[in-house]
Each structure stands twice: as C-alpha cells, then as structure tokens.
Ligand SMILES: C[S@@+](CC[C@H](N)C(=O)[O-])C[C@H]1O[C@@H](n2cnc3c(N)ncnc32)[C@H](O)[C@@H]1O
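Starting off, we have a lone chain in the form predicted alone, written out as structure tokens.
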C-alpha cells in the first residue's frame, strides 16, 4: 500500500516561499501528517534550519511517523492530537509563532484501504469511521441509534444528499430487524434507495459515508478551529496552505480566508474608520489550485482536491 500525497509540489512550493522559511529557518507545521508525504518533502527540500512539526490524531499515523523522527532527528517533531487543538499542542511543545501551516483535509490511502477502519464501502469492515478509534462513538452507533430526523439532517447537511429523507427512513425501518454494523450493509441499503438513472460515476453511498465521517469526527468544527488558531499563530510573511476535497470544506476555508483578507468594512462615506478591522492576509491562489490531468491520471483520488493559500501580512 502506498499513499500518494495530493498537490505535493504546489503545496510545498508555496510553503517554502514563506519569508522566514525561504531564508533557511523557521517552523512549518504539517497539521495532517497522514501518510507523511508532505512532511517528508518539506524536510527534504528545506534548509537544515527549518523545523517541521507534524500533527495527527490517528494512532497508526503517529506510529508511521516514527521513521521520520529517526531519519531527520532534531529537524522533525511529531505530536499526537487533533489539529483542532493546534494552539494547546504548540504550547505544550514550547512553540509560539509558526512560519508555515499545511492542512490536507483528505483521508490517507492507509485509512481508506484498511477495511477495519470502516471509512470505505469498497471493502467489508465494521462501520467505525473514527480518526482516533479510542475516542467518541463509531458511525454504527449513529446509524443504529439516531432518530430519522437526526439522520436526515446529517445526510443533508454534511453530505448534501438529495435522497436523505428516504435513506434515513429506510435505515430506521431496516435496523429494527437487523442492526447495520458493517460498511457494505449500509452501502447496499443506500444503493437500493438511489434510482439507477440518477447515479453518476460515483458510488451512490459516497455522500452518505462522507456525511457520517464528518459528523463522527466533528470535522467542520475542527477545521474552523484550526483555521482561526492557525491565523493567530502565523508570523509575518508566513504562509498557510489548505487542501480540501468537497464543497463544505472549501466554502468554509474560502469564507475564513476572505474575511481575514478584508480591511476596513466601514461605509465609504465614513471619514474615519470605526470598525478597527485590518487586513491580516493576502490571498495567494485566487480561485484555488486544482490538480493537473497528469496527477489525476496517476492518483484519481486527487480529482476533487482544491488548494487555497494565504500569506500573513
């Protein structure tokens, strides 16, 4: 199994062009270590004075990262935790300001291909989906205990699923006879509920699995937290790069970046600024960067990725 990092060159190029990092020093945080591809590239391409700090809440990702600790010694540190807790994690590590922050919000190939994690309907496994299997309730608990209204809301709000009502109703009816405990049992039920003429090239259960994963891991809250705390931690001239994979994440990233890029919002006729709002960042990517066709051919999972980046003023 090999994890292929998405938009690797583009993201690392942007981070290495940050003011302090370009000068051969500073701290760059890879807050979504995953398979370690971005961290390795940052370490290999940056000067020896640059410290790379990685964060991940998946215990298996932390174990994989130990090889980088041994290889790069004092240049690399790995912190176990949720990136929503970026500031407390950096405080414990004795780090104040940072000179780069990377967030790759997608799942790693390891998580998708390990059936016992329950992230994918492509292989049979327990309906879990927790990034950290030691915390919180698995997706099976939500599917088999939440009421119809709650399930409908999850599928509609986090998956933008047009058949949310019918799928939620079918789940409630089915679990009375037999609980839905595995990935394929849920995927099969969803497949039955989506008319064949309405299907795209994506599996009918894609949105449902996305919605459950986001809900179980409280992903949108975590993303908002790390974006805001990251902006507070960035040094002048530092850069933040975010790679997202669906519209909910991308809209949140775009909104927070645009808000941070705004200066005074007082009406034009007001002679003196009363709002006190100052521009914090410069947006570097316009509409966002997308993978080239060559990357999509090599790694089809990258096709929905969108990279957005800012520089702190």
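The structure displayed is predicted, hence computed values, not measured ones. Residue numbers count along the first chain shown, from 1.
Only in words, not in the display: the form predicted in complex with the named molecule, which the text now covers.
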query: Contact stretch among 51-59, 65-73, 280-288, 260-268 - heavy atom within 4.5 Å of the named molecule in the predicted bound form; finding: 51-59
query: Contact test in the predicted bound form: residue 31 vs the named molecule, heavy atoms, 4.5 Å; finding: yes
query: Residue 161: touches the named molecule in the predicted bound form, heavy atom cutoff 4.5 angstroms; finding: no
query: Contact label in the predicted bound form: residue 81 to the named molecule, heavy atom within 4.5 Å; finding: yes
query: Partner proximity in the predicted bound form: residue 26 to the named molecule, non-hydrogen atom cutoff 4.5 Å; finding: no
query: The named molecule in the predicted bound form reached by all of 5, 37 and 107, non-hydrogen atom within 4.5 Å; finding: yes
query: Heavy atom within 4.5 Å of the named molecule in the predicted bound form - residue from 98, 222, 154, 231; finding: 222
query: Contact residue in the predicted bound form, from 187, 214, 131, 143 (heavy atom within 4.5 Å of the named molecule); finding: 131
query: Within 253-289, the residues that have a heavy atom no more than 4.5 Å from the named molecule in the predicted bound form; finding: none
